[in-house]
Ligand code: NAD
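Okay, here we've got a single chain as structure tokens, the form predicted alone, with questions on binding and movement later.
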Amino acid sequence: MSNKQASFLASVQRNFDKAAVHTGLPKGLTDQIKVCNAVYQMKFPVKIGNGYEVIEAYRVQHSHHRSPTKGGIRFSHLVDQNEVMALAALMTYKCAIVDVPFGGAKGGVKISPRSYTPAQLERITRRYTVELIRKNFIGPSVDVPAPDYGTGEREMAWILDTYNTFKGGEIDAVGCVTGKPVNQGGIAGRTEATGRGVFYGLKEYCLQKSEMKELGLTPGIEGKTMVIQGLGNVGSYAGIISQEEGGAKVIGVSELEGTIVSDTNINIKELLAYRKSKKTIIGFPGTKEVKVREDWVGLECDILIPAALESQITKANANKVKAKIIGEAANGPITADAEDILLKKGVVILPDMYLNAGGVTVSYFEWLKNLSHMRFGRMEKRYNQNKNMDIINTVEKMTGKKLTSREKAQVARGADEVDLVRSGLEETMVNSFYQIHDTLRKKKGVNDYRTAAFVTALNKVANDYMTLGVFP
């Protein structure tokens, strides 16, 4: 097991303990919430090339206070049991914070996806799914996986197809997994969901006038400088949406091949196109390369967004941080030791268990869509559009002012599925922010957003356990 994975689990548990003392809950109850309820380790053979390879994989169900359990599947050569347990625990608290009625779970397959062909990845994914089916670790009312690092729509489609092969008679079988392609039961807006949630969370925090004043910043996200580590799904969408809808300026980006900086603004869409063509971010017009890739952590900016893997900011480099705000787009990017250093420096940390909850929120919407067997907006879109047009026509008659056909179409337009998904996600992220914010302001001894988020989550999970009669 690598030190990073061990540190990740230890950090989650340490942060849990730090918050638990502020809840007033019985120790037996907090002990139950803390532990993983079920850990399934598996090793199975898959035909690779001319022979067979034994694949190591996991599925962890952290808490059954709500059913089904929910969490992504990660494909990475760094996967081990401790990492998956830590991620599953975070999923429990994440779901509680955003009021998504799932218990936490997580899966991991110990492979490097780049080392396998699509056909080989398909065999591995399908065999992993079979193992989950055999042990009743997957199903729309049992445990619902989703994409994570190294997986996406393609892998989720393979999982659904495999599940249908064995459970095709189930009327709600399509709800066994989320993050699917839209034409196979997925939902519009899921791909961008985690990055969009990061944007909504940062935007709401930046609207807090008193806190911005303490940091020496003006209210609002517009004009804030950002540095993003990791241009995967989450980092790229967080950057694009922050630029296009928030007016933020991305002045630094770090990826595997290096780190680049700009005096103005790095257009993330153009950078992604450049990287796709050149296979590197180095040399992107208007930027210069930072000599040491790891120096992204010390770039001067308003908002630093670690959007790659866990344990990226440690006690070894935490003192280099010059950012005023860190938005944890990845899971566990800051170790507990590093956080102690950062908080003493006055850095505000918006924690992963809140900030990157956009993915599970929209996965919940997808799951609801699958159970209802109907896309969102189908019932009300035309009705709302017609009613809006009636209002426009009435106003035109009363005022004598006419709108152009284009203006009418824009004002009268009914909401499509993606509009409703984005609206629901923003509502969720805003409401959850103020729940955490209220805990931070009102709970004596709670002085940072992560502890406030943990306290908020633990009280919700504990309430479920007590309602179930497990802890009267």
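Treat the numbers as computed from the prediction; the structure is a model and nothing was measured. Position 1 is the first residue in the sequence shown; the rest follow in order.
In what follows, reference is made to the form predicted together with ligand NAD, a form of this protein that is not presented.
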Requested in this report: Report whether all of 324, 351 and 441 sit within 4.5 Å of ligand NAD in the model of the complex, measuring from non-hydrogen atoms.
Outcome: no
Contact with ligand NAD in the model of the complex, heavy atom within 4.5 Å, among 189, 175, 150, 186 goes to 150
Exactly one of 84, 334, 329, 96 comes within 4.5 Å of ligand NAD in the model of the complex through a heavy atom, and that residue is 329
Here the chain appears without its partner; judged in the model of the complex, the stretch of 251-259, 161-169, 202-210, 283-291 with heavy atoms within 4.5 Å of ligand NAD is 251-259
Would you classify residue 227 as touching ligand NAD in the model of the complex, given a 4.5 Å non-hydrogen atom cut-off? no
At the 4.5 Å heavy atom threshold, is residue 307 in contact with ligand NAD in the model of the complex?
yes
Report yes if any heavy atom of residue 89 sits within 4.5 Å of a heavy atom of ligand NAD in the model of the complex; otherwise report no. no
- Query: Do residue 369 and ligand NAD share at least one heavy atom pair within 4.5 Å in the model of the complex?
  - Reply: no
